[in-house]
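First comes one chain, alone, set out as structure tokens in the form predicted on its own.
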Amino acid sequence: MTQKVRIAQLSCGPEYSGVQGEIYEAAGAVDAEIFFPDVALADVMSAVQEFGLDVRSADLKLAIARAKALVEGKVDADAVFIATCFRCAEAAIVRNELRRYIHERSTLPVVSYSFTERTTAGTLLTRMEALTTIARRRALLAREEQTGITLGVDSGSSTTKAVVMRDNKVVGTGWRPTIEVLKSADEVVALALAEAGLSRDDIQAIGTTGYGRFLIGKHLGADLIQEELTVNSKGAVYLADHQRGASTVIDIGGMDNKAISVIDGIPGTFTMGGICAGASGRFLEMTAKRLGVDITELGPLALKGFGKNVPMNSYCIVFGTQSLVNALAAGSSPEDVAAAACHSVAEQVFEQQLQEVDIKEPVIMVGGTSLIEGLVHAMGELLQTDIVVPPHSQYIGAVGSALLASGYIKGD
């Protein structure tokens, strides 16, 4: 019987917001156990004083003391979940400081989350799954080389991708829009196998990831079915040839975004989601459509423009599109509008996701949006660094799946 992963919860307010039950449900779905570290009252006062933050909330003071107990090894845990209400500014500061404090002083994987009254177990599931994956599969995640012949499939919200790898090289790829999940998966698998000159019988192990990972995994008889946070981070550092040391992975997807702080190929802290689709690849698709260009042309177009010439509000995808229409009607050039859209998305990812992780170079951008040069340029300007876009970056989840799946080949 598999031992439950013990996830220490440091939080303020989920009980009063009706969210605690959702947290328990999400943890239970991945066979994990949520617990609250025990600390003495005297330890609470000394921990707060030592931490140096003038905190008023009793719950936040308790969270600080619990974090200190975890770091000092007084409480045993496999992972840490930090949750505070999105409305509380004080809680946001403490949440960020606790995440950094635990990450810098321990090897515990940490995820931080700002919840609302509408947060559900489904929203939390991928985060809990990633925490349990890191705790249970650390040896697999340390894998640095692909062996044999493996297939990786990434069923995303917008696109489905497949990769065939052979002896540590990508030998076949397939890409299709996600319409019918299983049909799209079968199509990309056929494309990847054809390019590789192989058949299904040649495949020694299969890995799946993404939103459709469970359905496709069952359909293909996958050896590995794993959430995209750990898979994407592994695929990113593998393709960027930076599997040792620290790095930061940014994946701006069609429906949500991911920011992951990685050490030696294993996520340390991570966050995902966003306030609105205005901060996602979906907004850039709508921008390209409104400008009458293909999404592949948006990046070069943006590099010719000046985003500061166009006021853009895309915190909401509806109002962002309205800003775009108004700018064109006022005479703004397509180049300036494209640049403004890219800058807006990059700025929101910076404000919403990148504040929740420690940004360490190299910064690696992956996913389909990493091919939009204007977005990569905008992110580099915000972070004041050169962004790394590795080869096959749009296939990152499929590559990570194929790489990790090779660990399931018998005799490997």
Partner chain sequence: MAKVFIYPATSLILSDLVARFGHQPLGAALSIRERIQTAGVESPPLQITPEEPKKGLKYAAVEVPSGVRGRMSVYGPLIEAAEAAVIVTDADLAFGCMGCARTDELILFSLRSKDIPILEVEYPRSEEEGVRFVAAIRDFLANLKTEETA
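Note that the structure is predicted; figures quoted are calculated from it, not measured. Numbering follows the first chain given and starts at 1.
Beyond the structure shown, there is the form predicted in complex with the partner chain, which is absent from this document and is the topic of what follows.
J.: Wondering, does C85 line up within 4.5 Å of the partner chain in the predicted complex on heavy atoms?
T.: Answer yes; at least one heavy atom of C85 falls within 4.5 Å of the partner chain in the predicted complex.
J.: Check S11 for me: does it contact the partner chain in the predicted complex (non-hydrogen atoms, 4.5 angstroms)?
T.: Yes - in the predicted complex, heavy atoms of S11 and the partner chain come within 4.5 Å of each other.
J.: When the contact criterion is heavy atoms within 4.5 Å, does Q394 count as touching the partner chain in the predicted complex?
T.: No, Q394 sits far enough from the partner chain in the predicted complex that none of its heavy atoms falls within 4.5 Å.
J.: E145 versus the partner chain, in the predicted complex: is there a non-hydrogen atom within 4.5 Å?
T.: Taking the distances in the predicted complex, the answer for E145 is no, it never comes within 4.5 Å of the partner chain.
J.: Where, among 159-167, 254-262, 113-121, 205-213, do residues come within 4.5 Å of the partner chain in the predicted complex by heavy atom distance?
T.: Of the options given, it is 113-121.
J.: Going by heavy atom distances of 4.5 angstroms or less, which of V363, A69, V44, L371 would be at the interface with the partner chain in the predicted complex?
T.: Answer to the contact question: V44.
J.: Just one of V30, V39, I387, I359 has a heavy atom within 4.5 angstroms of the partner chain in the predicted complex, so which one?
T.: The option sitting close enough to the partner is V39.
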